[in-house]
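Next up: a single chain in structure tokens, the form predicted on its own.
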């Protein structure tokens, strides 16, 4: 461990490796739906659940690792690395790497939890949590003095560190018999913890966007503006309320549902305003980073429409459990979160080319993919309203056109999205492993 620069480079590399696993597993999942592919792989004992668990796990890892790399970059600006900090950072990176290898080794063997987002074996949560605590210790040692006078992205990261620890532990409440034996309590607690965990991760993404906007832009106060603090406040509040979107079908107060709806809509609207402000003050020579931030702004606008659909209770009942939900998740995780993180990676690797063709093709494929998931989900939800319960399990209620075209179109558009991301990944992996993060830095 040489210093913060080395730690940041390692996190960027880890994020790109995680993204590579995401692309490979996502491509496998997309192709798995094609009947001809199923007929080949099923006799080989290949199960769709394995690539899905790896896909969702490493998607979370991609977002968290790159978000932390921005945080570590800020830490490096505060002074040289001390001996204790060096040991803590080295330990954190080692634990994260061991956890990633553990997931890759155990999930194909069927050692899984069966839970959403954290599908790996619960024992692997231990190195993740320990690594997170070590990194949080380094962060707070430097950030706590004068914390409330710092740019808002530092406050976002500070709350994100605390929230992650609390909600990550809460995710494993299902290991308690009294929770696991009560399906309603289990479901409520799972989605409450998951919603707050997503909120913690979002704070790292928002912080990265503001940090990058400060570095690339012409406004030195972009991370101290009222709208930036409004995003922080609403993101914080939404972390406590957004679980309600996933529990409409459980016994729950209507007041909780409407609070969740209003807060979520407000957060997404303010996020759009903040991203618009960041993009507006960026230098026109920002290259690929600038274009990716522009894409994230417009994806935020698109997700507002999808979020309205998911948050209004009657419509939620119609689309809950359909393809609309993964469509919304894909649009948010790739369109908003990943565009911001790809912008940070482009800036940190010294990417000077705008890569217009790469970014345009990626966004066209992603738009088609997300749109098709919404179309299929709406058709599914409407068709099952009057369906015979016996037909629901086998999806026999689906219209003929949907049964025919659902998976082939998903395979084509999903593959197109994966290839769009893979083009950027293929360009940036050599740069990330070249021993320096940008052309202006000395080779380690």
Ligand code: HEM
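Worth saying up front: this structure is predicted, and the values here are computed from it rather than measured. Residue numbers count along the first chain shown, from 1.
Not on display, but discussed next: the form predicted in complex with protoporphyrin IX containing FE.
The contact residue chosen from 54, 65, 410, 376 relative to protoporphyrin IX containing FE in the predicted bound form is 410, the criterion being a non-hydrogen atom within 4.5 angstroms. Screening 432, 421, 11, 17 for any heavy atom within 4.5 Å of protoporphyrin IX containing FE in the predicted bound form leaves a single hit, 421.
Contact annotation: protoporphyrin IX containing FE lies within 4.5 Å of heavy atoms from the stretch 323-331 in the predicted bound form, the single such stretch among 131-139, 288-296, 323-331, 203-211. The shortest heavy atom separation between residue 29 and protoporphyrin IX containing FE in the predicted bound form is within 4.5 Å. Among heavy atoms of residue 229, none comes within 4.5 Å of protoporphyrin IX containing FE in the predicted bound form. Protoporphyrin IX containing FE is not shown here, and in the predicted bound form it never comes within 4.5 Å of any heavy atom of residue 406. Proximity of residue 415 to protoporphyrin IX containing FE in the predicted bound form: non-hydrogen atoms within 4.5 Å are present.
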